[in-house]
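A single chain, nothing else alongside it, follows as structure tokens in the form predicted alone.
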């Protein structure tokens, strides 16, 4: 645990993050992020966008949807019925525990290793009774195992009947907006929608610091494709990348060690379709670039009883940590048409795209046409607005009238049966409607943040520092006058402003010895330190120091920005020095 313990000291000393509401005793499952933590999180997000979104903008768009959504959204998505964990309460002191975790932990104390994932309430209750498990806090007897819904409930506006929920995933905002997004991309497919945002899950017993939170950030993509054509146009870019995978067939046999296959082999063996394998390969590459080697990663297949209610196939991307063991950092789910079908049925809106048929065919189409006379009689000058609303909500109105209703409300207008004509027509078409299927890569920013920090801890020759990748380090460069002399200070502060204007994150420090300031910069993972010394006012040069090797070179002060930029973009210290013909020190 040496690395984890060193990290804990750095986190506290440099205020990367801490429990929220500390002055009131804190609330489990909520954390604040300090200046360094916030900067690093933003950099991780931007790296995620550069990996998964920006290179594929011809297919993937980005959106932002609300955190609070109305109850029907989560009824259609299945979360009201299925987004649950099991809870058990002590009948003596009233403490509540997540039942599966409690059973695993109490049996582990007795030397019994068991996995409770996927167990029913009855199975958990049986284990509690058989092993006489009691309340860990007071020793009191436990009551019955019950389901607990993990959605945070609220009300929207002043009326208690207008129930809403904090979203447990960003995905539902995308699914609800599907009709508009499909029109935006010209109804082409495949197309994807990315979203980064806060979500909330009312965990029964959050623990493990950032590993299990009640509020956290997700980075997700919903990729919509034709199930008859699951080809990924970018697959050739990743087909030779290695993916450490434990497929379901091996999980069922109790095997935990992964097979190391190329993305192409993953598809050829039927473990995933091209889109899933594409995102899994990118995810492995993403974590590797963050400092997590492939041998500490694996994609663990989920058995049917372990999957989320919407998933037909799932893999959890796991990373081995020193403190928490294997931790899930991303989930890769094949959601089929579960979500779009559910929202289509409950809302009455059409959630379809079109595929071209090899040959035209004749189909029966039911169409809705406004009755201008009846619309004008009721709404007068607003007739045009009403007809527009009717056209935009054609499928909803048709479905309602088919079910026997006589009035349908669309926006501010009530449409009665006499205001429309419904006609059945036969047409020839070379298009066929279908509900697209969905592949979803979903990443937990907070867990990735912790994994990255722990992986970056280095202890060597009495020096402890964070070897963070330059593109995610919270500070790009430190500016350090070798002594606090007025002309050095002025030069240093001018350089800070110049670098900040160029978009770099900069720290200036002129207090203490130069060695202690180097150590302070290293500790927070800053890749470069610039020193202003006696030569700087004379010839306009400074030294640049590498965090990892402590090597130093001398460059012109006007070249500092270019040096920092090259390192941030992935060049090594040596490559940047050679490119700028920097003189060794």
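Positions refer to the first chain, counted from 1. Here the structure is a predicted model, which is why all the values come from computation and not from measurement. Rigid core (definition): largest C-alpha set, two forms, superposition within 1.5 Å.
Only in words, not in the display: the form predicted in complex with another copy of the chain, which the text now covers.
This chain lacks the partner; the member of 404, 158, 254, 358 within 4.5 angstroms of another copy of the chain in the predicted bound form by a non-hydrogen atom is 158. Here is the short version: of 349, 417, 92, 131, the single residue with a heavy atom within 4.5 Å of another copy of the chain in the predicted bound form is 349. For residue 538, no non-hydrogen atom is located within 4.5 Å of another copy of the chain in the predicted bound form, even though that partner is not displayed. For residue 72, a non-hydrogen atom is located within 4.5 Å of another copy of the chain in the predicted bound form, even though that partner is not displayed. Contact check for residue 108: no non-hydrogen atom falls within 4.5 Å of another copy of the chain in the predicted bound form.
Though the partner is left out of this view, residue 452 does not reach within 4.5 Å of another copy of the chain in the predicted bound form, counting heavy atoms only. Heavy atoms within 4.5 Å of another copy of the chain in the predicted bound form map, among the stretches 465-473, 180-188, 428-436, 238-246, onto 180-188 alone. Using a 4.5 Å cut-off to another copy of the chain in the predicted bound form, not one of 86, 317 and 326 places a heavy atom inside that distance. Contacts to another copy of the chain in the predicted bound form (heavy atom within 4.5 Å) from stretch 182-203: 183, 184, 196, 198, 202, 203.
Put the two forms on the same core and the Cα of residue 239 is off by less than 2 Å between the shown form and the other one. Relative to the superposed rigid core, residue 410 undergoes a CA displacement of at least 2 Å between the shown form and the other one.
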